[in-house]
Structure formats: C-alpha cells, structure tokens
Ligand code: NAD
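Below sits a lone chain in structure tokens, taken as the form predicted on its own.
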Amino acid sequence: MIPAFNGRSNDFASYIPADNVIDGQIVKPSGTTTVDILNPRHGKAMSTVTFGTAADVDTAVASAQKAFADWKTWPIRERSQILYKARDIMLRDLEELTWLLSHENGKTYGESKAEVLKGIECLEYGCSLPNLAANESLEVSRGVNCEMRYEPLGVVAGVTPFNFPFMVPLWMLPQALAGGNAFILKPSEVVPLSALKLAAIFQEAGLPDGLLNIVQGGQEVVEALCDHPGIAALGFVGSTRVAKIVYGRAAATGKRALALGGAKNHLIVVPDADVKLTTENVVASFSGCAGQRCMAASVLLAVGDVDPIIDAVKAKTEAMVLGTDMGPVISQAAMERINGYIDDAEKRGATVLVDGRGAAGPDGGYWVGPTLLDNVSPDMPAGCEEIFGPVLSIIRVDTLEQAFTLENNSAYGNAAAIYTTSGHVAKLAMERVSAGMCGVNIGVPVPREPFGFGGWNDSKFGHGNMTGWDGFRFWTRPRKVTSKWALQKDWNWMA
C-alpha cells in the first residue's frame, strides 16, 4: 500500500504525496488546499499533502465503526499479537524509518533513530497489556464476587505534532488498539509521512482494515474530530494555546479529552554541581532536536557562583557542528520567530554568549545555531515564553529559594531539573518545583515506560498521563460486575 522510502543519507530525496488512509486504502483527501512538505535540511519540497475536510472525518468514522464491531470481540491477547508483529516490522525497517523521519522532520540521524526506538518501546508496553490488564476479581462477601473489566470506548482519535511524528502516535496507538478501540489519526500537516508508514506497518502486521484510519488536514479536521458524535475520546499533543482550545471543544461534546501543551522548562544549577556531567547534560537538553521538544531546557537558573559551569557550557556550545551535532529547525517561520526572541532579548539588555543567528547548514534549509543568552530577566519574553528552538536563557539568582520561586511562577509545568551533588538539595528541589516530570542531574527527564508522560499546570489539560497505565485507562472504561450464584447457609448482611 505504502512504498518504501529509499533515502539512506542526507542527500535530498522525494516521496509519495500524503493522502488519507481509510479502510486500508489510500484515498485522496476531499479538500482543495494542497501544500508542500518541506525537507527542513534542504528547504525543498519532498512531497505534498492535500487537506481533508469534515466529510473525510465522517468517512473515517464510518469505516472505524464497522471495523470496531468485530475488533472489540477479540481477546486482548489476540489483539496484542498484532502489536508484537508491528514491533518486529519496525525493527526490520529501522533504517528506512530513521531516514524518512530525518528527511521529514530535520532531526539528525542519531536523533531520528532514537525517536523510532522510543516509539518501539512504547509499543512494547502495549504488548505487555494482556498481563497488566488482567481482570481484577475478589470475593467481597460470602458468595458474592466483584470483578473489574476494562472495555473499549469505540472510535477514538489522536492529533499529533510536528516534532515527534513517529513516536507521539505510538504514545496513543498501542493502548487504544490493545484496549479494543478503532483509531483515527490526524498527523501534523507539516510532517504527515511517518504516519503513512505507521499505517503500512500495522496493515502488514495484520491489523484489520478500518481500525487505523489517517485523515490529513489542518484546523477543519481537528475541529471535526472534536465535534464528531461518533468519536468517544480524543488525545492531543501540541502548543498550549491550541491544547486549551481542543480540550475545551472536545470536552464540551462529552468526549474524554487529554491535551498536552507547551513548556518552559527550568534547569537549576547550584555551585556544588559536577561540572562535566552538568555541562554535557545542559547542552544536550537545550540543543537536542534543535530545541524543538516540550522537554527541552529553555531556562538555566544559575544559583550563586556557577561561572565555571557556564563557561564550560559556552565552550561546548561553540564547538557544536551544524548538520552533525544538531539539525535544522522545522521551517522558515520557525527560524524567524526564534531569531526574533534572540533579537528582543539583546535589545532588552541580555548578553549573547553564543549567537546562533545567521547560522548556515551544509545543505541550505532553515538553521538557527545553538544560542546562549546570559543575564536574562524573568520578565523578558526569552525568560518566560516558549521559544521552541535551540536557545538557553540564563537567569542569575542568589539563592535556591529564589530559583524555586521563579520556577513556580511559570505558567507551565512540564519539566524541571536540578544539578547538584547534594542529596538534601535534590530532595528539596523534587518537593518544591512545580512540574510533572522532574530530573536530578538529568535535563530531559522523560519517563521511560511504564511510567506515564504528562506535565502539570498549562502543560496539560485533562486527567492522567498520555502513556503507561494511565493511557490504557484513558482509552478504556471500567465495568464492575458483581455476581452471586447460590444462597449461602452462613450469609450475613453484606451477602
């Protein structure tokens, strides 16, 4: 159904148009808007995508409802066998998936491979669900038994972002499919190609047609997914502004909704921090994936005299090679927006320690070099707004208490970390920061499976986490069955 992507280097390669996948078939979207899918490294169109409409969502829901009627009767252990097969295919096609992701999104080869492998890890958690979701049963009284069952919701949907086009769908698909649902995926219109490969992988693994439908598009499709009465639950990952809108609109229709938004993650560095460990970790955190991830560090709260660490971070940042150590940003608009934050911070009095403006990569495209801003104040846009690029703002404070206050004052609450060799300081920070995912000497504290992914405050709207056991419970509903089959001779009031 979906041909192989043949690129195996950073040389430019084109690919098929991104169409809908409905009922196991490639279907041309019904909209009239067609846009280029740009390879960010080259700044050239590698494909096109035509936007779908609400009518395409209707068609996808009808296909999913038909497939769901049989799928929900499959035992969970049989559903999970398809996840096992999908995992094997992903490992077999690891190179192809890595290079497609790199061309589509702009990540380096190493970053792209890591994303695919993390997606496979999420899939492996789904494979374990037949054991984790075993029905709970207890004799609660003499002759009376209570049992908990997890049953599917029906047709569910997910809207995923540009920065992790392969991994984020796999935050949702394994739990939703293992739980017995049919799934409609709306990938980012900027990076819709990896989703096509996911559809091909699950089809080859034996997933019945209609259980994974893909609808391409933009705002109209997202709104149709929120509004459609045939969709029981919606997961979303994107910016806070859109997450808040999507959560409110989907919840207003009675859907379950979980929407993950943006971040302004703080790294707290104290004088006793290990210089080498902290330097490596801080640079990797703010520059990895060109800073285009919700877990990236964007503010370094320098407590007291930590100049030796800042000097080491500066030296390592200056030594980075674009195209090898870091990829491009996603688009011309992103490049201009990020440069605008740097310009604004400099005008307001910040010191540009390392300047990424005007950087050029090896193949053209959209580049911002890793940038360090010192003496940033908390009220500067660079100090409090999400930049979503390779920019680290250094805010200097005198005390740990001041650092906690600044971190707590942020509207976001995705991630926070502290660098220290003191167990007491680390414990204090883990009690005081206002974030759902926290690190001690780890600047990208992404929870590994089975621990769920999800922040606090304006970084998340809805209850629970997107991955792990919370994810399975989000895509299913509990049924409690209480039964009694015989009159007990020694019954009491509870029987």
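Everything numeric here is computed off the predicted structure, so don't read it as measured data. When you see a residue number, it is the position in the sequence shown, counting from 1.
Although it is not shown, the form predicted together with the named molecule is what the next lines describe.
Exactly one of the stretches 423 to 431, 451 to 459, 53 to 61, 33 to 41 approaches the named molecule in the model of the complex with heavy atoms within 4.5 Å, and it is 451 to 459.
Here is the short version: of Pro152, Gly365, Gly369, Gly262, the single residue with a heavy atom within 4.5 Å of the named molecule in the model of the complex is Gly262. The partner is absent here, but in the model of the complex a heavy atom of Ser188, alone among Ser410, Ser188, Thr98, Thr279, sits within 4.5 Å of the named molecule. At a distance threshold of 4.5 angstroms between non-hydrogen atoms, Tyr125 is out of contact with the named molecule in the model of the complex. Contact annotation for Thr160: at least one heavy atom lies within 4.5 Å of the named molecule in the model of the complex.
At the 4.5 Å threshold, heavy atoms of Asp374 stay clear of the named molecule in the model of the complex, well away from it. In the model of the complex, no heavy atom of Val275 sits within 4.5 Å of the named molecule.
Counting a residue when any of its non-hydrogen atoms is within 4.5 Å of the named molecule in the model of the complex, the hits in 197 to 229 run Gly217, Gly218, Gln219, Val222.
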